[in-house]
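Only one chain is included here, represented as structure tokens and corresponding to the form predicted on its own.
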Amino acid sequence: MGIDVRHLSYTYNPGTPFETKAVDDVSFEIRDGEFVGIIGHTGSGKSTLIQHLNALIEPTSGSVLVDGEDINFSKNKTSLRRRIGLVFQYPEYQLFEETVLKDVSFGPKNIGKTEDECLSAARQALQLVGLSEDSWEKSPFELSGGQQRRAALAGVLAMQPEVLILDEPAAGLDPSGRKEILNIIRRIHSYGTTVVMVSHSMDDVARLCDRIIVMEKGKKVMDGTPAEVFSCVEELEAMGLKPPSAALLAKRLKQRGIDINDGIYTLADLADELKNRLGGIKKGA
């Protein structure tokens, strides 16, 4: 499933003293199977942008094409929206049913699936996010924060979306919960689901994404591979973004005269690079 964003703009409170252009003439494509990260400082337009991708917001101008159809004006709008799952920041606030299983079954039930189909989809989704069966009949509010986040994610996955859009999926979680939820997202992508993730964590984006879009004041200012984007350390810092720790450390080492290859942005790559450099020094000694 391809998504084609064309000259998208969105203005809050048009015609009032509070008029704000949140998205300004943004264009890009998302191809099948990609893992795209969207980064930017607070207020850069990231969250507003992704809410257009499944027609939660209708653009002021421009269009969003899903498999060639304008999602806002298509006769198949409802069908197209079901294929794109959107997970809000703190999605656990939307849990409401008596049990976890009922909550995760709600989405499929709402689109007319049979009870057996709903339960089957819910069980598969809960297994995918790693919630054990002994939690399925519990109230969602008895779960830990990390478990609630996984239950909320399962509710979206039960709809079997082809594209999964996540707004700060690890926000507010402790280090263990953060690692778990990001590993789940990585697994979902490995099964062929296209993933779009908004995140403030440059290290998370560096580890997971194969492409990054940078937003600044409502505009798309960069679009490239992690190596391409994170090589622009000064530009990112000027936008108030802290590049991955590995990219910053590589930059500092180069400034001190150590020959480090360009395009390093993960700690694993930096460790390998330093190991190779040290090995070369020892051999020449």
Ligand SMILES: Nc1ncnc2c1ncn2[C@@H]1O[C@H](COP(=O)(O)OP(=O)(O)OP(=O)(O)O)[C@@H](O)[C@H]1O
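Numbering starts at 1 and follows the sequence shown. A quick note: this is a predicted structure, and the numbers were derived from the prediction, not measured.
Unshown form predicted in complex with the ligand; subsequent notes refer to it.
Query raised in the report: Does the ligand get within 4.5 angstroms of any non-hydrogen atom of Gln127 in the model of the complex?
Result: No - in the model of the complex, heavy atoms of Gln127 and the ligand never come within 4.5 Å of each other.
Query raised in the report: Does the ligand get within 4.5 angstroms of any non-hydrogen atom of Ile264 in the model of the complex?
Result: Looking in the model of the complex, residue contacts with the ligand do not include Ile264, since no heavy atom lies within 4.5 Å.
Requested in this report: Could you confirm whether Lys251 comes within 4.5 Å of the ligand in the model of the complex, counting heavy atoms only?
Outcome: Lys251 lies outside the contact set for the ligand.
**Report entry** 4.5 angstroms heavy atom contact with the ligand in the model of the complex for Asp203
**Finding:** Contact with the ligand, no.
Requested in this report: Could you tell me if all three of Arg82, Gly85 and Phe106 have a heavy atom no more than 4.5 Å from the ligand in the model of the complex?
Outcome: No, the whole trio is out of contact, none within 4.5 Å by any heavy atom.
Query raised in the report: Exactly one stretch in 252-260, 62-70, 34-42, 238-246 has heavy atoms within 4.5 Å of the ligand in the model of the complex; which is it?
Result: Single hit among the candidates: 34-42.
**Report entry** Single option in Glu97, Glu168, Glu162, Glu92 placed near the ligand in the model of the complex, where near means a heavy atom within 4.5 Å
**Finding:** By the 4.5 Å heavy-atom cutoff, the listed residue in contact is Glu168.
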